[in-house]
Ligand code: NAI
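First comes one chain, alone, set out as C-alpha cells in the form predicted alone.
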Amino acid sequence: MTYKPFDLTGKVALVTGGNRGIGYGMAEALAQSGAAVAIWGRDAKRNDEAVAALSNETKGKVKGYAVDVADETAVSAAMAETLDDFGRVDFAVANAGIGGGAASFSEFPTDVYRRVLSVNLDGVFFTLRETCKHMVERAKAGDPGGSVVGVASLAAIEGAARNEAYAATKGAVISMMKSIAVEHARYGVRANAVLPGWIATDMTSMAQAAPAFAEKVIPRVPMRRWGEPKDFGGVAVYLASDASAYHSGDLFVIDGGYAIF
C-alpha cells in the first residue's frame, strides 16, 4: 500500500522557474504525485513546452504564466490570476534565479549586482509574500495549512569566490525562510530552504564544459557525478505533502555529499 501522505491529489503547487532545470524536476514529480501545477517563467514558449509535458504526468490541471518575478506588480497580478484559475495554492517553490559573477570582487559591476539581487532575492520575497498572504487569509477563514520553499544554494554556506552577489542572495533566502517559518507556523504554514550543489542545468553549462570542473570539482563530489533536476523531485513531493506537516525552518542540502567531503 502506498504511503498516503505523499499523495498530492487535490493540492495545487506553484513553481517559479518551473519550465526547466531544477524547477522542472520538482514540477514533474509534483505532477506525477497528483498535484495540479502552476508554472511561472519569463519564457512563454518554454512555459508552453513544460505545460504540455507535465499535462501527460497528472490528472490535475497544469498551466503556465509568463512572469518576471523581479517585477513586483507582475508577481501580484500573476498570483491573482493563478488563484482565479486554481482556487488556491497549497505549495509554492520560489526557484527562479539567475547567475552573475565577475572577474573579481573589486571589479564586480554594480549593474550585475543589482540584477542578481532583483531576481534571486526580490523575486523570492515578492513570490512568497503573495503566497503567504493567500495562505494566511485561507487559514483565518478556517482552512489552515500550506508549505513554501525558497531555493538557495551551497553558495550560501560556502565561500563562492567571484560570486559575492549570488552568494549574498542565497544566504538571504535562508534567513528569509527561517523568518517565514516562525511567523507563519500558527497558520499551519511551513517554510524551508533547498540548497542545491553542482547540478547540471543551463545555469552551469559553462562549468559542465570546463575540463577543470571535470578534473578537480566533480571528483570531490562523493557520488562522483553532477546532480540532475530529477534529484529534486523527492524533496519537493515531501515538502508539499502532509508527510512534512511538522517539518519547518530547515535546510535541505542536495549536493551528493559535496559540502561535507
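For every residue, the number given is its place in the sequence shown, counted from 1. Being a predicted model, the structure only gives us computed values, none of them experimental.
The same protein has a further form, the form predicted together with this ligand, not shown here; the description that follows concerns it.
Partner contact region in the predicted complex: 95-103, out of 95-103, 80-88, 178-186, 139-147, criterion any non-hydrogen atom within 4.5 Å of this ligand.
The putative spot formed by G21, V67 and W198 is fully lined by this ligand in the predicted complex; each residue has a non-hydrogen atom within 4.5 angstroms of it. A heavy atom within 4.5 Å of this ligand in the predicted complex is found for exactly one of M203, V217, A53, M223: M203. Taking the partner from elsewhere, K61 is found to have every heavy atom lying beyond 4.5 Å of this ligand in the predicted complex. Within 4.5 Å of any heavy atom of this ligand in the predicted complex lies no heavy atom of T131.
Taking non-hydrogen atoms only, A191 never approaches this ligand to within 4.5 angstroms in the predicted complex.
Using a 4.5 angstroms limit between non-hydrogen atoms, V151 touches this ligand in the predicted complex. Along 166-186, a non-hydrogen atom within 4.5 Å of this ligand in the predicted complex is carried by Y166, K170, in order along the sequence.
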